[in-house]
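Starting off, we have a lone chain in the form predicted alone, written out as structure tokens.
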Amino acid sequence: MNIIVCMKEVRDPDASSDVFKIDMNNNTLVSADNVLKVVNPFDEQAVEAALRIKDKTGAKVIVLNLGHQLDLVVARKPLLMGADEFILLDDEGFVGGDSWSTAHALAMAIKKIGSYDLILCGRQAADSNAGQVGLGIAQILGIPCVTIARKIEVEEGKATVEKVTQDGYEIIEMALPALVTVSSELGQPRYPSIKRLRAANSIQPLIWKPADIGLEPSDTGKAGRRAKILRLYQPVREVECEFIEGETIQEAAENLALRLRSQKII
């Protein structure tokens, strides 16, 4: 059984908000150079889900990572957790993409890999929070998809998924191959293992460019976008404070009640 996990490298979402700024001219979010790069937390959950299946079935886990100038230390973390191989879609042409162009590139890479039973993605990325790439991959590949999973069991060519809902969860069964997006309700990902350090460092990535997966420059990254950001900005919250006075505490309370009633708050 082969499991492919799609992973994104992001700037540390736990970093202080003052190190992130909005480039109003290009409608992009930029950060200070000293902000660490990390595995997208939801994608780390997806790796954990794959490894739990591997623990039971002996499945092979391949991690697929898209970006430019990817950090090998970050990219190897799933290997330290227990994944078997990693593939980097690393090229300047992948920069600036939207959910569509990213899903398209990942789907083409998965087609190139060829043999897979299950594709796992995080429910969303910690930077854009769009939650659309997994659905896009499934649509392009023509396979079933379940989102926001908290548990995945695989047996006899089918997957049983517990999907998180507002009131609890649903149990969904579907045939493989399929795609599932994994949520934080899955539980804590395992820590990287020191025992796997030597083995992980010996595994070299496959590095693919757009041409390697059959894509033209116009299909990828910014050139392949189908969505246009009209404006990216930080909301301004304005608060007006008014003090309600009175000769006594009782009078002040009555004045407050009258003001609230006039504003139809009470």
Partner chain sequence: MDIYRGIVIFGETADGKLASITREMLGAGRRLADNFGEEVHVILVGRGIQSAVDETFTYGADKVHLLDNPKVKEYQPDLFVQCAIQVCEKAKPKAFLLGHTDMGQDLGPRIAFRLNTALVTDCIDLTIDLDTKRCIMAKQVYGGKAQADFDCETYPQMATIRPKTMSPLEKDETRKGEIIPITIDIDDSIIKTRLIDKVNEESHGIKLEDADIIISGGRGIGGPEGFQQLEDLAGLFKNAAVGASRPACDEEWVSTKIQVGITGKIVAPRVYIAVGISGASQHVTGCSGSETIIAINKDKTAPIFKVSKFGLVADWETALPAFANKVKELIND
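What you see is a predicted model, and the numbers here were worked out from it, not measured in a lab. Rigid core: the largest C-alpha set superposing within 1.5 Å between the two forms. Residue numbers count along the first chain shown, from 1.
Beyond the structure shown, there is the form predicted together with its partner chain, which is absent from this document and is the topic of what follows.
**Student:** Is it the case that K151, even though its partner is missing from this view, gets within 4.5 Å of its partner chain in the model of the complex, heavy atoms only?
**Tutor:** Close contact is absent here: in the model of the complex, K151 is far from its partner chain, nothing within 4.5 Å, heavy atoms only.
**Student:** Might K163 be said to contact its partner chain in the model of the complex, defining contact as any heavy atom within 4.5 Å?
**Tutor:** It does: once its partner chain is placed as it appears in the model of the complex, K163 has a heavy atom within 4.5 Å of it.
**Student:** In the model of the complex, does D167 have a heavy atom within 4.5 Å of its partner chain?
**Tutor:** D167: contacts its partner chain in the model of the complex.
**Student:** Is P235 near its partner chain? Define near as a heavy atom within 4.5 Å, in the model of the complex.
**Tutor:** Within the cut-off, so yes.
**Student:** Give me the residue from L197, L206, I203, I229 that has a heavy atom within 4.5 Å of its partner chain in the model of the complex.
**Tutor:** Looking at L197, L206, I203, I229 one by one, just I229 meets the 4.5 Å heavy-atom criterion.
**Student:** Which residue among A75, L135, I87, L80 has a heavy atom within 4.5 angstroms of its partner chain in the model of the complex?
**Tutor:** The residue from A75, L135, I87, L80 that makes the contact is L135.
**Student:** Only one of these stretches, 67 to 75, 88 to 96, 108 to 116, 177 to 185, has heavy atoms within 4.5 Å of its partner chain in the model of the complex; which one is it?
**Tutor:** Going by heavy atoms within 4.5 Å, the stretch is 177 to 185.
**Student:** Only counting heavy atoms and a 4.5 Å limit, does any residue of 233 to 266 reach its partner chain in the model of the complex, and if so which ones?
**Tutor:** Residues within 4.5 Å: Y233, Q234, P235, R237, V239, E240, C241, E242, F243, I244, I249, Q250, A252, A253, E254, L256, A257, L258, R259, L260, R261, Q263, K264, I265, I266.
**Student:** Once you overlay the rigid core, does the Cα of S218 travel 2 Å or further between the shown form and the other one?
**Tutor:** S218 C-alpha, core-superposed: shift of less than 2 Å.
**Student:** Aligning on the core only, does the CA of A253 end up 2 angstroms or more away between the shown form and the other one?
**Tutor:** After core superposition, the displacement of the A253 C-alpha between the shown form and the other one reaches the 2 Å mark, so yes.
**Student:** Quick one: core overlaid, is R198 moving 2 Å or more at the Cα between the shown form and the other one?
**Tutor:** No, the C-alpha moves less than 2 Å.
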